[in-house]
Every structure is written in C-alpha cells, then in structure tokens.
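So this one's two forms of a single chain, laid out as structure tokens and tagged structure 1 and structure 2.
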Structure 1
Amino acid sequence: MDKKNMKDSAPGKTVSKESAPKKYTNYPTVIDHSTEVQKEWAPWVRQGLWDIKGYRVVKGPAGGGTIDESKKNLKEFMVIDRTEASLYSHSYGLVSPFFLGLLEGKLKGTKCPNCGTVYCPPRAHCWNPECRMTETEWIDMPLRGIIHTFTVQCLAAAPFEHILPFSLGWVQVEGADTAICTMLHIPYHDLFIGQKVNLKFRPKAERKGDLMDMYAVAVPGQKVPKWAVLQSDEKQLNRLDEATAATTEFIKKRYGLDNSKRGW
C-alpha cells in the first residue's frame, strides 16, 4: 500500500495523509510529538465510522443445557462485519504534571494545603467535603510503598492480552492517603497484602506518559506471612497455577511469546 495515500470507505477514493486537519491551532504548543501521528492516523478515522461492510449467515448451537445438547439444536444466525477506526485525543488537564513526571522517571502526588491529605494518583482539588474543592499543591513522592490489594489476571482487554498472565496491584505509596494502580513484576506465589515494594520505570526511550511506564518490584528479603490468603489455600493456588499455565500456552500460540520466562 502507498503510505502517502490510503483508501477511504468510498470505492476508488483516496485520502492523503497531508489532508488531516491540524489540531491545537488556537494556543501555543510547547512540545509536539503529535503532528506526525495525526498525519498517519487521522485519515484512518474515515475508514470505519461503524459502517456494516458485510455479513454472513451461519448455523450454530442454541438453547440451554450442556454444550452437546445445544449442538443438537442448530439455528441460523446473521453475523455482521462492522468497521471502526478511531484516534482519541484528550488532555490530562490539571493532572498533566503527574504524567510528565512519569516521562522523567519521577512520581508526583498532590497535597491539600488545608487538611493535608496526600493524593497519589494526584487530584487537582481536594475531595474532603470540608475543604470545598481546595486546589492541591504538587509534591514529589518516594518510589516505595506497600501492596494494598492485588489480582492475578488471566483475562485482559486487547491492548494488554499479549502480556498475560500478569499481576496488577493497588500500591499505597509511602506518605500517600490513597493507592495507585500499577503492574506488579512479582511472581504471584510471592504476593501478599502489605508487601513492601519499590517502584521502577521502564527505560526512558519506551516511556509514553502512561501508567504503564511504571511498575512495582518486591523489596528483597520478605517472607510470605502465614495469614496470606492466596498461599494459605492450596486448592485455590492450584487452580490459579492451572489457569495461568493455560493462559501462558494460549499466548504462546497466538503471539509466539513465552511469558513464563520473564520471571513475573
């Protein structure tokens, strides 16, 4: 395909990349890593527009009961092919310093000058009713905290499917009154609530100003406590082992990736 032109949804029509409308022309841009992206992607928005491009009629199982029972009751179903193309542009608004900080390998929070509540992730205004939406102040946060709660993911939305299985946790950063969601680069057999972690950043060239720029690793030398919920239930742990093994095999077949080798 010619990269300079891309077919529009109308037959025979082409869309030039240069025809993409330039955004943010009413105020000065301080940093621009967007214009070239707009040229490449904006024309694709016109490709889909949620139109139905085709359909097929298939026979499939219907009704309740077991799978084998439903296979005996085949009905015709219409399956449509509906296209979609989108490029989302949105502002981080008053919490932009937090995401700019991630690009620089820094973790920033906000603090209410009235009640002293520390928010990480940040809030531009205090949510304490007594403070009546007082504007908060930016502060630097330490790169350490504890796991408030966590989950082991064997299912995920399409953008994250290729990294399955993985653990996701809410980490209360030291000094914060709230918790922030982040990836846990910790084997799930070693995870427990209250575990101390250090926060790390992806290599600078890979950062995008996104929460995925940051992840947590365990502080060395910790032992899983006897009261840990996951490890104290052998049946539950065995089921999780089976689920993650099946997920790992699925990802290997679909993407050619062996995520079992990464160590978390």
Structure 2
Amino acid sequence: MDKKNMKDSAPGKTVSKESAPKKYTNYPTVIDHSTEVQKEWAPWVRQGLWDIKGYRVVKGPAGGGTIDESKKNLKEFMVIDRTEASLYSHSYGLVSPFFLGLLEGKLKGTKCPNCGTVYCPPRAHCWNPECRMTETEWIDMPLRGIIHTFTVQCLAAAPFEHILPFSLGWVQVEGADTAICTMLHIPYHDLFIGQKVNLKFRPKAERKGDLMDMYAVAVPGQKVPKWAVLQSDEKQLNRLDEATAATTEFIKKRYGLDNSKRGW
C-alpha cells in the first residue's frame, strides 16, 4: 500500500507503517489518487469540528396560539453558534468507469444485454422488472444529444451560488433511453426543448470526475421554433433579462465576481 495514503486514511494523525492497525491489511489498495486531499483538509475538518464558537441573545415572539397571541408574548432566547465539518470518502461503486471516463473526456453509458435499454446515466444492473437485475455492459456514448428540459437559475444552494446566473437541464444523449442532468452553456434566448447539443468537457486540469466536468453547447445554426416555451412570450423573456441582470449584480457585490464576462 502507498505509504502516503496510509497516512492520509487517518486524518489529523501521523500513522507510521509499523503502527498501522492490523484490520486495514485486507482493505483494497489505493492504485491512483488525484490529490492529498485528506491531508490537506485534516486541519480544516478539525477546525470545523462540533464546537461552540459563540452566542447571541435575541428577543422574539414565543409560545402557542395565533400570530396575535404570540406577538404579545415576547421572550429572550440564547442562540449559540456551533460548527460541524466532515470529509466523506465516497465510492462511486460499479459505475466508477463513467466518472473515470469524464476525467478522460469520454462519455460512457451502459446497455442491458437482455432488453437493450441504454442507460446514461449508467446503471450497473438493468431496472426493467423483466430483466431481474441483469448486469449491464459498458458502451461509449456519442457527445451529442437533445435538450429534454431546462431552467434558468437566479438563486442557488450554497455550493453553486457564486456561479449564478446559469442554466441547467436534462439532456437525452443520442442512443440513450434516459436523460442526464448537466449544465447548459447556451444563452437562454436560444434555449429550447428538443434543441440539439454537443457535449463538451472542461479543460483536463480542471476536471474532478463529477458531472460538472461536462457541459452542453448548442449545435450551431438552429432556429428557435415558434412553439418554444420561453421565447414565445416576450414579456417573460424581458422579465428574465431583468432578473439575470440583478443576479449578476448580487454576485458581484457578494463575491466580487463578474459573471457577466464569463459568457453564458
């Protein structure tokens, strides 16, 4: 086993080869690792451990009953600030080849040898009840597909807030029976259901082996059809323009990032 990784597997502690507990000897060997993340993050995980960092005293409505009743019943509450942090080492399981493929700029799916269903995202076992969990086979998928549906985001959960505004959606990759969630680098004025897209990968050095490594761009030369749900309502499009502009301003203020220059 890689000496360095042996150490890494016990965050925050230095474990020499000799003193390593015996129970690890039957564990799988690390044959490749991208970073020394466990070592790097050990101090951070310790810093963020369940710990009380401070408190506030706040006064507010209390008790049962209606709004009016609790507004008359103000009480003081002590509110503590406590932290929690962890580093999860999570296996992608039998579909690991898909994520390793992303690192190489390849898109993989699986096909059921029994019923022929093509899965992208892949499943290691076919979910068709008739196939009784048949093991699927790996196939290479083309880097093409069509947009099944989409949205334009002006608010996001914590990990994605700084890249707002952006579009995501589900793309049915050519040959696949399912659709995969992906970022859409397509200006929303051009975006429509049924649009043909090419799938691209971020530069190799930036890839992490997760779905954010990949994104869709429009196949050039397509006209937005008359029935397209977003563009057929000009008022909505204008309101969306206002909202994305406001979002860009908000991100500039909050994170100092000018996402208007990055392209959509």
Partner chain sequence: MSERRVAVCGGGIFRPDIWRGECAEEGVAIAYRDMLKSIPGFDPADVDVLMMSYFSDHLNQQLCMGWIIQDYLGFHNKPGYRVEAGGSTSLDAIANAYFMIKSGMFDVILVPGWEWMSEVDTATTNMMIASAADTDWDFTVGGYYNAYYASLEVRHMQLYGETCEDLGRIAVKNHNAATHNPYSQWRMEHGTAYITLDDYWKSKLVCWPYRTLNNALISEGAACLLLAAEDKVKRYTDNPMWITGVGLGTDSMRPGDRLVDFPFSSFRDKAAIYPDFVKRPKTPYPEMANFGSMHAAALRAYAQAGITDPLKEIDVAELFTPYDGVELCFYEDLGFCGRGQGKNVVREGLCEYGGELPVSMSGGLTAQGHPVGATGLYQTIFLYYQLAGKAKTKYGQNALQVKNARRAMVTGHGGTACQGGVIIFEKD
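Note that this is a predicted model, so its numbers are computed, not measured. All residue numbers here refer to structure 1's sequence, counted from 1. So that the term is clear: the rigid core is the largest set of C-alpha atoms that superpose within 1.5 Å between two forms.
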| item | value |
| --- | --- |
| Form predicted alone, given as structure number | 1 |
| Core-superposed comparison between the two structures, residue 73 Cα displacement 2 Å or beyond | yes |
| Core-aligned C-alpha movement of residue 53 between the two structures reaching 2 Å | yes |
| Core-aligned C-alpha movement of residue 42 between the two structures, 2 Å or more | yes |
| Cα displacement of residue 64 between the two structures, once the rigid core is superposed (Å) | 14.9 |
